[in-house]
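One chain comes next, on its own, written as structure tokens: the form predicted on its own.
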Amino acid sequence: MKNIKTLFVWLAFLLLAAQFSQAQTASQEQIEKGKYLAVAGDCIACHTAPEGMPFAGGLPMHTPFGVLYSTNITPDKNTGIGKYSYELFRQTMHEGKGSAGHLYPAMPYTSYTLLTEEDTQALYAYFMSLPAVMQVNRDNEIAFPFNLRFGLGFWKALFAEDTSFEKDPDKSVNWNRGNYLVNALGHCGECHTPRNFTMELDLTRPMQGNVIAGFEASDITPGRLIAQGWTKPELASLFKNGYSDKGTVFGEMSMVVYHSLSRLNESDMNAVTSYLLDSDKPVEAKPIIARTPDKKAAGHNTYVNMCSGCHGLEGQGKPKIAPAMQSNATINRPSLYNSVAVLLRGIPSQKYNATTAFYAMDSFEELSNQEMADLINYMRKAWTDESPNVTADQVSRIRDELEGDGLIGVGSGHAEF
């Protein structure tokens, strides 16, 4: 009898060992998948402070109501998410409610609610596999009454819904994958879709552009992108290298490119560009706009004296120094916000890889509003399809906004990735 009991014990042990081994293998597969999903979702950019440990939080995010600080999402049991069950993790991602209560929608759960259960499980497996970092979360600097978290519950009840991703049966598998990557995992609409006075995403104007952190997240609707002459290869170049023939990325988007988009696999990159251009087929390229500038026009002398050294007299740009102004997407668009913001804020030097790098652009805040309007009109007339109708009053309003936020002149220097 004793031998039989011993045999059963060993059989049970071997069965558990086999199940544990299978679980470990499946878990490793989940972890690797979750790692890729976390990259595609650009989690590290928001949850890592400058010179901080990855995913340990502390990044300040400026809102109209004060400063929010991202949280520690490493598996530390005291300061991170180490005590989170999968159910609590899922609730945080899909419903915006964590261990501390309701979350501010700066955490893009209004997009993450579209994540599949399989992907949410993979993300949980990955984050729980990370090295635990003990770093206490910083207190938010939010003014009363917006610092009262229970109020967020009412906001969620009105404007947020735990829903699931639905494929468009009339579209291809590739297009639907791009839809999922852009709208769920990549949460692009959280920046590129305008918000109304309640800070709800205005889904009547999806992806039509939104000012955030002192730059405008561009209109990336298919119609606007095609009007600017974007093709799938050019979008892929922008996302992989931070550069295309239509210019470079800057501001928060440079971090998205460096940490996330540049690391998408080829299939997912194709899906994203197909979705953004609403076409699985190649989109016809447009010729570069390279008219001869009018030397008698207002703005000519300013361009020659302050811009041509880097961007070229004909707006042709210079490799590894500055992008071309010919058909430049920042200028070749109806909104002039970024044209003004770049001139007033400057752009840091950027190096994405051994072959793609650009010098810093200093702020030109010393230009008057009229000089700046003349300069933008000069470039629009020479190298874009947009009307040269920018006024000093328009420039003044943007200057006042940036000045009020303390952002003028702070964009130059070196981009820290």
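Not measured: the values here are computed from a predicted model. Throughout, we count residues from 1 along the sequence that is shown.
Another form exists, predicted in complex with a small molecule; not displayed. Remarks below refer to it.
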Self-check item: Segment that reaches the small molecule in the model of the complex - one of 86 to 94, 279 to 287, 196 to 204, 166 to 174, heavy atoms within 4.5 Å
Solution: 86 to 94
Quiz item: Among the candidate residues I81, L336, L344, A122, which is the single one with a non-hydrogen atom no more than 4.5 Å from the small molecule in the model of the complex?
Solution: I81
Practice problem: Have a look at A56, A382, A373, M361 for me and say which one sits with a heavy atom within 4.5 Å of the small molecule in the model of the complex. | Solution: M361
Exercise. Could you confirm whether A298 comes within 4.5 Å of the small molecule in the model of the complex, counting heavy atoms only?
Key: no
Quiz item: Quick one: does P323 come within 4.5 Å of the small molecule in the model of the complex, counting heavy atoms only?
Solution: yes
Quiz item: Does Y180 reach the small molecule in the model of the complex if we count a contact as any heavy atom within 4.5 Å?
Solution: no
Exercise. Check whether E314 has any heavy atom within 4.5 Å of a heavy atom of the small molecule in the model of the complex, and answer yes or no.
Key: no
